[in-house]
Ligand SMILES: Cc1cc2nc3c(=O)[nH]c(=O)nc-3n(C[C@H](O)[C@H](O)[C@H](O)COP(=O)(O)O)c2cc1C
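This document starts with one chain, in the form predicted alone, laid out as structure tokens.
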Amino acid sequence: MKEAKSSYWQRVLDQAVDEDGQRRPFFSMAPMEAVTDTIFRRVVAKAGGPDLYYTEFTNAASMVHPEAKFSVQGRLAVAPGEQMPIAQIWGSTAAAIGGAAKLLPDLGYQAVDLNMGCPDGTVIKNEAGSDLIRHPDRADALIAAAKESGLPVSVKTRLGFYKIEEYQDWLTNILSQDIQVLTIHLRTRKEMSKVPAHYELIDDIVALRDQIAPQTLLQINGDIPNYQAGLDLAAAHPGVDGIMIGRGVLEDPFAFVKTNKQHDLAESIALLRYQLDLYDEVTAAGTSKHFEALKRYFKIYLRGFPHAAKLRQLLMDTKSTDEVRTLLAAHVDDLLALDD
């Protein structure tokens, strides 16, 4: 049976078992910008969450700057009683990455993930994210700096910058850095999310991992909608250790639930109300949250039933969580009758 390189990741492997006590791939929710904060992580946990969570990706340079550090505190906030996520950080210098990683243990974090795959143009101009694919020496230096924190270090990246074939040299280099986990979004930076994920490369990547760093865990990301699809993908490609789901959670907050039960509108509305309560809790605690950003979640919960679009439009005109609650209260009985 495979063993991880650290006690942290070994616990992840040991706890990822099915109902029969057999080991299965571990599941995680992808780090998503302005999405995977303490509020949404807890919502997904209530719905039936994954084994692991990641924070929003956080700028290492801001974390170590005496003034800018306050601007990223919300990204690393973890609520009392919440499962501790893995901190995902990004940057372009060893000084920033190393300094930021060393702050994480005092914040309670037990692992750190380096973003080397973000396709955002601004991040690339800052010589970070997927730009590191074009600069493997710099990527190596960032990994080495992060390790000085004493935390287990993992990397999330893409196949290449321009061409799929780049994965052979790029992943060979990353696997040679003695990292804990390699998470692959199965597209290039150029492809963004405009083409299907390249599942046809999984077996080759598994073989590459087995050759270079057999104890490095391999996690697959891209176009995986839910738990069952993740299990099927891992079964089709032996050697895959973990499954990361991103946009699938935005299509269905119950994506990690281990049964095939269809979740009804009442359950979705209950989750939305829970998110409203958490939003108010975090705001009252002093963490700045923009109400307009909350509106992006309405479509997650209110879809697939008659007049869903009309209700969402009404909600888009609200200016507070109390207004949202009032609208839901006014329409919920009619909505549930339509859903029956």
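On a predicted model such as this, the values are computed, not experimentally measured, just so you know. One-based numbering along the sequence shown.
What follows is about the form predicted together with the named molecule, which we do not show.
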*Does the named molecule get within 4.5 angstroms of any non-hydrogen atom of V43 in the predicted bound form?*
no
*May I ask you to check whether R296 falls inside a 4.5 Å heavy atom distance of the named molecule in the predicted bound form?*
yes
*Please check if A308 has a heavy atom lying within 4.5 Å of any heavy atom of the named molecule in the predicted bound form.*
no
*Contact of G242 with the named molecule in the predicted bound form (heavy atom, 4.5 Å)*: no
*Which single stretch, out of 55 to 63, 267 to 275, 300 to 308, 287 to 295, brings residue heavy atoms within 4.5 Å of the named molecule in the predicted bound form?*
55 to 63
*Counting non-hydrogen atoms within 4.5 angstroms of the named molecule in the predicted bound form, say which of L315, M32, A47, V282 makes the cut.*
M32
*Which of these residues, Q180, S92, Q88, Q219, gets a heavy atom within 4.5 Å of the named molecule in the predicted bound form?*
Q88
*Indicate whether the candidate residues S6, K102 and K147 are all in contact with the named molecule in the predicted bound form, with contact defined as any heavy atom within 4.5 Å.*
no
*Contacts with the named molecule in the predicted bound form, stretch 150 to 176 (heavy atom within 4.5 Å)*: K156
